[in-house]
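Let's start with one chain on its own, the form predicted on its own, as structure tokens.
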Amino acid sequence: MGNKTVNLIGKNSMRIVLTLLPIIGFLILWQLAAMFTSIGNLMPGPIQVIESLFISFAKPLGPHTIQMHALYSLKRVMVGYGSAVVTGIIFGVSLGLSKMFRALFRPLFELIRPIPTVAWIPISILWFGVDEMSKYFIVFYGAFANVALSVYMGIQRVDPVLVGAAKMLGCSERQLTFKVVLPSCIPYIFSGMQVALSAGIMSVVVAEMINSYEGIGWNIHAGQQTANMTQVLTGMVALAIFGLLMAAILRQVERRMCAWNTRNT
């Protein structure tokens, strides 16, 4: 038992080291480039950016400190992303189970899906004005297609033997959907949710271009407008940490709900 524990700790330590090595190497190269090449005239090194990030916890960037900006962005991501997950699952299940629904709506879905989120800014302003609803819509659009498509693909790959056995045992269509099809799709649902979360976080940067004075995306845009690369990179690092934490939380939820599944996330 002791040897197994030691081996497990050793493997975990090695995994952490292998994860950190490329990041540390990248930061060292970035710092050296900023110090000894002309890149330093265009952008700060990581030491200056990290220092700026820590200062931003106490000194406001614009109207708020960085943690308050993160809370504004979190609210926008969670409302838009949460709505996208619910409607994406319903839409994906409908696509997968109903031939009529698929015939009616899949062509429209495939037509709209490739349009980038930034192209929807004028439409979102026209529909929802410049308030929070337009920002929620942009995040929703960025996340929705990933969930819907992943759920649809999951339904297409449900083991037909399971479906046939359930029908032989007398399962109704409702029972077949909720007791066989959806449980089989849970890994695909979480896979789509992970991709959708990344898309939603990227979309919030776009969303905060719309009449916004708070949020991590606003920090990046404000720094761009004033050619303040330190502020831009500080916002990018904050956004990366924000996304990393949210993705880690979602992975923990997936591990608990899909403990029977061997897929590594």
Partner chain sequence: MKKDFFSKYTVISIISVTLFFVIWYVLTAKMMIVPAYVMPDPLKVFGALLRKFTVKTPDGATLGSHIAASLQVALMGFGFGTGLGVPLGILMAWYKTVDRVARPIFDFLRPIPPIAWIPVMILWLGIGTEARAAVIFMSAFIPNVINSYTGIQQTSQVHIWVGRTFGASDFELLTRVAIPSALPNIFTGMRLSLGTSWVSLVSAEMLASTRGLGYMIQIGRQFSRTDLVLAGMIAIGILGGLLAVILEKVENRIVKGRQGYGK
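Computed from a prediction, not measured in an experiment: that's the story for all the values here. Positions refer to the first chain, counted from 1. C-alpha atoms forming the largest set that superposes within 1.5 Å between two forms make up the rigid core.
There is also a form predicted together with its partner chain; it is not shown, and the following applies to it.
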{"property": "Partner contact for residue 57 in the predicted bound form: its partner chain, 4.5 angstroms, heavy atom", "result": "no"}
{"property": "Contact label in the predicted bound form: residue 205 to its partner chain, heavy atom within 4.5 Å", "result": "yes"}
{"property": "Residue 228, heavy atom within 4.5 angstroms of its partner chain in the predicted bound form", "result": "yes"}
{"property": "Contact of residue 26 with its partner chain in the predicted bound form (heavy atom, 4.5 Å)", "result": "yes"}
{"property": "Stretch from 92 to 100, 142 to 150, 79 to 87, 189 to 197 whose residues place a heavy atom within 4.5 Å of its partner chain in the predicted bound form", "result": "92 to 100"}
{"property": "Residue among 34, 53, 70, 232 with a heavy atom within 4.5 Å of its partner chain in the predicted bound form", "result": "232"}
{"property": "In the predicted bound form: members of 214 to 246 within 4.5 Å of its partner chain, any heavy atom", "result": "220, 221, 223, 224, 227, 228, 229, 232, 236, 239"}
{"property": "Cα displacement of residue 248 between this form and the one not shown reaching 2 Å, rigid core superposed", "result": "no"}
